[in-house]
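Only one chain is included here, represented as structure tokens and corresponding to the form predicted alone.
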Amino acid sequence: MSDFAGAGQLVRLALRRDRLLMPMWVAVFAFMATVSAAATAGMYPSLESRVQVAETANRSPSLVALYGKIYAPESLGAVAMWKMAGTGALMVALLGLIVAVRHTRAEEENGRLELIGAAAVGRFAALTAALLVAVLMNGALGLLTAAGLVAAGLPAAGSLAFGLSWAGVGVVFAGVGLVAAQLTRSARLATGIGAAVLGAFYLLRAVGDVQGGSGLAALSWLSPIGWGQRVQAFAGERWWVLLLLLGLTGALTGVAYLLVARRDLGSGLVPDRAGPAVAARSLRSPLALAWRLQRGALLGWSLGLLVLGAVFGSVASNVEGFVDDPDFREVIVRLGGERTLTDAFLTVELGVMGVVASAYGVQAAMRLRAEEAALRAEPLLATAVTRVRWAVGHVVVAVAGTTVVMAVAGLGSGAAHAAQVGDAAQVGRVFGAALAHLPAAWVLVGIVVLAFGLVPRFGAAGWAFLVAFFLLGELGPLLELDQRLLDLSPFAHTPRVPAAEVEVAPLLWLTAIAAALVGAGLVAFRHRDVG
């Protein structure tokens, strides 16, 4: 039997399992790029406005570190896809990483790959299937994105180059995921390793771009995210850079094949550390166990939000001089609030960090289903631990962790902004504004808990709601959607602080809704079968 036997069947199985999730993510990314292109064309209709915003952005180290450079200030496409080439590529890379780990290490961890391996399936079949699925997904994403940009009025060559750069970055980090999946027995840890590599590459790109003409500028050429931007879509396309992405994908895939041949099914190349025979007293409760399982993820998210908040805070102090275009100012103020442009910008960016903190809350709450599906909940529930007590431990970690993540983001943003303007009072002001985004994030946690209690296999619906609410908030005002539709998002009811006065009533209503959702989910969990 060939080592690749059964790979085709596993590809079909993976596509069937992800028949809803994968098309949704591909469509969301392509839609975001298309709408961004269309909206920018209206914001910067003249050559002068595009050159002004590009030159100002390229002079700001914080913006260059966050998004990268605009290589052709006179090009509408280069200006329109500036943010998408930076943060958009980061999200595409994360998606490729998650898909690769999901169809390799996660399948081993939950035991499905062992059952499949008992049939006529070769040793390399699962790895090959995961690679092919990642290539198909990213290829579809690249082509659909290119088609959307052409439909938005951008040049075809640049649109294709941009779509392929996204696809190339996605498959590279799918290769990173395939390698990480061979190192550890845990899918969660494999994803964490891949995310750390992603963060390191993003940092290399940021440092290289900020350093400009110095010797450190070469650092951006050590990052596949930097390669994606150096394709220079809409700015004199460099098609040969795509070969670098393809070559690195091939190298990573080759390493993954070598590693999978040198380990046993279900094991990782890095051995697990043996734990103590008897648990410490601090670990003898469901809440303590939930904290022990999730403390690493909380630390990672907190550090990430701290850095992101510091970058946003430093940018805010310079936003007044970002562009003199009154249309641009009108859009920022409309999104952010009624006071100064700086406050409006802070409001918008705190809203973005609120969505990111909500993503942590969704992930932490989904640990309930992960523990149940892995059959680790049943041994605990067979003891004197009740269902509600076990579930409440993870809910408390999700709610408290979301609070910590958002508080750290607010402190980072407030401290950076205060340092820029020389006013220590800004720390508390921005910190308080950040905390106003917590009730909306708690609603997302409540939705996940409710789905876990009612229909546990739909626990991933939390991600769908998060994406839907994010798109309503980001694109709704630009598309002038009906206010009743916008009000479906909990983020729409968060007070626009610091650009407006705090309204307590919406915060209390959101908190009450979150509590009701959590309560209903816990009651439903008590009355359904476990597993």
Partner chain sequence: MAEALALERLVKTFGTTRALDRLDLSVQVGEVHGFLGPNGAGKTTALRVLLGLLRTDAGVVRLLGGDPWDDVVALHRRLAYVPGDVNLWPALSGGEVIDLLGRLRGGLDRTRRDELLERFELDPTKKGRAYSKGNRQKVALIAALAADVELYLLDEPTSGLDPVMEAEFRACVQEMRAEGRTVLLSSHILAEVEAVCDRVTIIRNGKAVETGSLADLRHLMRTTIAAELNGDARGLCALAGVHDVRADGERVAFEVDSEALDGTLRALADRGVRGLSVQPPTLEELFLRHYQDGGPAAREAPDSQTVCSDEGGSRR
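In this text, the rigid core denotes the largest set of C-alpha atoms whose superposition between the two forms falls within 1.5 Å. Positions refer to the first chain, counted from 1. Because the structure is a prediction, the values reported are computed rather than measured.
The same protein also exists as the form predicted in complex with its partner chain; that form is not shown, yet it is the one meant from here on.
Novice: Could you tell me if R457 has a non-hydrogen atom within 4.5 Å of its partner chain in the predicted bound form?
Specialist: Residue-level check for R457: no, no contact with its partner chain.
Novice: Against its partner chain in the predicted bound form, would G254 count as a contact residue? Criterion: heavy atoms within 4.5 Å.
Specialist: Residue-level check for G254: no, no contact with its partner chain.
Novice: According to a 4.5 angstroms non-hydrogen atom cut-off, is A119 in contact with its partner chain in the predicted bound form?
Specialist: Flag for A119 set to no.
Novice: Though only this chain appears here, would R262 touch its partner chain in the predicted bound form if you measure heavy atom gaps against 4.5 Å?
Specialist: No, R262 is distant from the partner.
Novice: Have a look at Q420, T403, Q211, S285 for me and say which one sits with a heavy atom within 4.5 Å of its partner chain in the predicted bound form.
Specialist: The residue from Q420, T403, Q211, S285 that makes the contact is S285.
Novice: Ok, R123, R387, K83, R238: which has a heavy atom sitting within 4.5 Å of its partner chain in the predicted bound form?
Specialist: By the 4.5 Å heavy-atom cutoff, the listed residue in contact is R387.
Novice: Picking from 306-314, 349-357, 276-284, 225-233, which part of the chain touches its partner chain in the predicted bound form when contact means heavy atoms within 4.5 Å?
Specialist: Contact criterion met by 276-284 only.
Novice: If the criterion is a non-hydrogen atom within 4.5 angstroms, does every one of R185, E371 and L380 touch its partner chain in the predicted bound form?
Specialist: Judged in the predicted bound form, R185, E371 and L380 all sit within 4.5 Å of its partner chain.
Novice: Do any residues of 431-447 have a non-hydrogen atom within 4.5 angstroms of its partner chain in the predicted bound form? If so, which ones, in sequence order?
Specialist: Not one residue comes within 4.5 Å of the partner.
Novice: C-alpha of L368: shift of 2 angstroms or more between the shown form and the other one, rigid core aligned?
Specialist: Yes; that C-alpha moves by at least 2 Å between the shown form and the other one.
Novice: So with the core overlaid, does the Cα of R105 end up 2 Å or more away between the shown form and the other one?
Specialist: No, the C-alpha position differs by under 2 Å between the shown form and the other one.
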